[in-house]
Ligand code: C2E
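Form predicted alone, single chain, as structure tokens, below.
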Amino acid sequence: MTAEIRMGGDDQALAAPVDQAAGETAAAASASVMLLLDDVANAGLLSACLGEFGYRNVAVAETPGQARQLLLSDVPDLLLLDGNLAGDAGMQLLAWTRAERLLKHTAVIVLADDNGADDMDLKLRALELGASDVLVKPVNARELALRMRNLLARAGARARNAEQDALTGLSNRQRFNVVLDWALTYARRMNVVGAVLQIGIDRFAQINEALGPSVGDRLLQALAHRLAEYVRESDIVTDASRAGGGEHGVSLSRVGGDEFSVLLPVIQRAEQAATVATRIQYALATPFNVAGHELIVTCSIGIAVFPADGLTRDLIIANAGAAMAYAKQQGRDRHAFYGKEMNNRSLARLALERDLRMALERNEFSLVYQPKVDVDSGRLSGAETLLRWRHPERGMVSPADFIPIAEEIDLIIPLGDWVLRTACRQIQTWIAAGLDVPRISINVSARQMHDAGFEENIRRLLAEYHLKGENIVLELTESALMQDADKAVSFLKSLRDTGAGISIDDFGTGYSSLAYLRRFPLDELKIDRSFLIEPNEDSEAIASAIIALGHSLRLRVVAEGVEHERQLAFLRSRHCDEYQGYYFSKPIAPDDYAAMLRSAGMIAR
């Protein structure tokens, strides 16, 4: 059996291939081709013919076993396979090729003998197994070259589309995985060091919710463009690319919604990866102007170095991700190298996330109430609801530990709804018991602010529990309001229409503009506890200024975290309106707060 290459005929296939198809020759020169025919000599003839059409990178396998080794070690763009190899070896190799992940984009042309009905059976079977094309011998060289050209073009387009992120144009996770696999293999063979940088955009979800997904998408595109520019221009990245070689050099990919990865296949020392991370953070420091919004964006970067931090793709990616999560937990806008303790911390966090998702269903949450007191009279003036989580195994979990996680995993809205409903139901219970209940403050997260149904939910709960808006105060943090101050003005006005009071919590720790503060429809400012914990001239001056500012805007001013008589004396001297803190009472259970109201004579008349 022979492949039988026919070179004559009407088309004069080899007469002037370069003159007729210069573009084809240029494309062919960059393609890699492998031949496995039933006769080595015939394979050599076909290789020579392909050389006339510009194919310079042609490998010949002598046996199916050798073909498998060559296919995996140097993945070709196209395989020419004799379908009539002895013992069905050709069809077996075709089936194996289509099952291999690394070879799924390799085009395969099967050459079949002209044996009538048997030929048709072979052609149909080859196509069923995934052959890209089937040619019957004898093969016309010009026809073969044209079919190869077309197949390579289609395969290249499919490969590019399959491995490209549609939004940013960067390579995607699939492509990153392929290149990382190569880099790990190269590192093992050449005894070199490489690194993966996992980049997470800080607080992207809040930007996306505040400004809408279209602005979020445009921001991601701008981020990708700036990162790509940096990767092209960085000296360290360029050196790593040259060391890695060719298409397997440095790789920048978008691997998730707001996550990017950079692969440094070869570095001289781990510190170089830190230098790249620092420069990436510096590159993002310049504000982005997107759809008329000036956005300041930071990122957290985790670094895993191979082979020290792992020898497999999954392990390196997981460890870089753990380092990125650690960088976020340390305050964001920083980078961190992977350490084994991070993995333990990540596993603990995953367990906490899992338990947090089930805590609502298991009724593990509860509310406590911290009384608010009039500074001058000492009478109860209200209370702030505070969320508590009693874990069945861990016991009480601090809100500082679980609230940030709830925000990140999109649990904060259902959790916030639960708090609102539970607080309203409790107020109704107290009123039904004959108590004169002063306004109860309820915290509202930044994510709830951007929930389109939030205002309607407030109205629905007030109606359901027969309450008036004046029964509650909604507390929002200064930083949440200032994420999109113009939108916050509209949001607060809609809340004011429900009759609820509006308070800015933790005032003095953010970056409020006085111009916006005047536009916000507010009832109350709460001085952050940090200004009272250790009184000094600076903190007292700030607290005094906040009290004066609040009064100038006709707002009640409430001090948080009052624990000592001297703090209360200071607030009294500055005419602060209300306070809360351990000096009067720690947060207490609903029944204890009801008893406090009765003791204070706060009975409905």
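Numbering starts at 1 and follows the sequence shown. Model, not experiment: these values are computed from the prediction.
Another form, the form predicted together with the ligand, is not on view; read the next lines as being about it.
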Answer option from P399, G453, G434, G257, heavy atom within 4.5 Å of the ligand in the predicted bound form: P399
Selected contact from N84, N443, T168, S261, since only one has a non-hydrogen atom within 4.5 angstroms of the ligand in the predicted bound form: N443
Contact label in the predicted bound form: I546 to the ligand, heavy atom within 4.5 Å: no
In the predicted bound form, E578 touching the ligand (heavy atom, 4.5 Å): no
T498: touches the ligand in the predicted bound form, heavy atom cutoff 4.5 angstroms: no
4.5 Å heavy atom contact, E478 and the ligand in the predicted bound form: no
Per-stretch contact check against the ligand in the predicted bound form, the hit in 180-188, 386-394, 303-311, 84-92 (non-hydrogen atom, 4.5 angstroms): 386-394
Stretch 358-373: residues contacting the ligand in the predicted bound form, 4.5 Å heavy atom cut-off: Q370
